[in-house]
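First, one chain by itself: the form predicted alone, in structure tokens.
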Amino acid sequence: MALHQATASAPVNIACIKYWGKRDTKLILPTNSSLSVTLDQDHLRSTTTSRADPSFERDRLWLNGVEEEIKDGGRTATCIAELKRLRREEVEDKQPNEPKLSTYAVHIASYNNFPTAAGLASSASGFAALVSSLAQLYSLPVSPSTLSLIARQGSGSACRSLYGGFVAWDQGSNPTGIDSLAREVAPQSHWPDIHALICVVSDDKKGTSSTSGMQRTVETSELLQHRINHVVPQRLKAIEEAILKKDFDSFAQITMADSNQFHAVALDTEPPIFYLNDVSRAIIALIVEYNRVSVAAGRGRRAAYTYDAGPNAVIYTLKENVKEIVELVVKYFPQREGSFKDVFELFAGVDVAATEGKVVEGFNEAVAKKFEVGAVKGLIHTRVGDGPRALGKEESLLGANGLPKTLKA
């Protein structure tokens, strides 16, 4: 009997214009549009294998080897049901000879190669990989934008991981959510020199989840209404123009301003939500000073920090500046040996943890104090990447028995 199985990987995306607040919590319809950069899944990804088989008794899901309950009416169940519906309507009803996969239960195994719930948008890549894997399994003749409508119902930001490059999530206005979908602003190939340095400040599960924090903000923050109605529409237009023109100075200014305002809105919530900590704020001070030196020299801003709902810093910069920024971070946040994997060979085989780091000429070293080893637990250097990938049989996470294989570390 034929094996009905597909494996896909999907990337993490980090927003420059933040999504914060839902106008419909079931359909996950946002109160404002957003825009993100898709990161290279050679470094950060979720991989998912889906298999449909008439012998399976019920839909089952394993995340990183641990079985997760699929709750009736929950987000995962909704995504699976929507994809089965598309399989039936778009494939089986039109081609009666196709196997009735929509009637089979599915086993799904998913693996993230980075910490879950650490502020690195694991739910975004996870649901994008799940939707991509099932769409491949079901041979669905639909666009990434159509799939983004489904991924959005699993995790809002997951819809942006259906494309590579620079991606907008248009909030839409239809109450059904049919126009609240992802749109490619520019592909990875448009501006490949955009790199990202992620400073892993904490890999603990956060105190206030995005879902509950977001709803508290919608209910209590007056500043959020100003953000939704006046700030985001103008910023979105300006950052799309900056991306299309490859204007890094404008891109950086807008990205940092939006990160600041998102955290201001979190503080304006009752009770207030604190996602940043002392380490996060020190990294902001370093990037502000780094940019001050650069602007004074007539070169414009050369780095942009952004923070999602957590303390981890993502620093966007052009490829040519990454080494300087790593050295700056290491000076103030000494690293343990092996905490930085130099995949781009910036340091020619020298472990950056063994160096003392350094600052650029004219840098005011008093803007932040030097922290203890481990305050920044690790550095991840990556770049703008592509959208979901279809993977081969050899990358399957399910064994012959339909259960997860033992995962490699």
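In this text the structure is predicted, and so the values were computed from the model without any measurement. The numbering used is simple: start at 1 and walk along the sequence shown.
Here the subject shifts to the form predicted together with another copy of the chain, a form of this protein not shown in this document.
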item: Candidate from Q215, N277, S250, N113 lying within 4.5 Å of another copy of the chain in the predicted complex - any heavy atom; value: N277
item: The single option of R88, R281, R336, K331 touching another copy of the chain in the predicted complex, heavy atom within 4.5 Å; value: R281
item: Another copy of the chain in the predicted complex: contacting segment from 264-272, 133-141, 319-327, 70-78, heavy atom within 4.5 Å; value: 264-272
item: Residues R51, R60 and L149 all lining another copy of the chain in the predicted complex, heavy atom within 4.5 Å; value: no
item: Contact flag, E222 vs another copy of the chain in the predicted complex, heavy atom cut 4.5 Å; value: yes
item: In the predicted complex, A238 touching another copy of the chain (heavy atom, 4.5 Å); value: no
item: Heavy atom of F166 within 4.5 Å of another copy of the chain in the predicted complex; value: no
item: K84, heavy atom within 4.5 angstroms of another copy of the chain in the predicted complex; value: no
item: Residues within 4.5 Å of another copy of the chain in the predicted complex, restricted to 290-314 and counted by heavy atom; value: R301, Y305
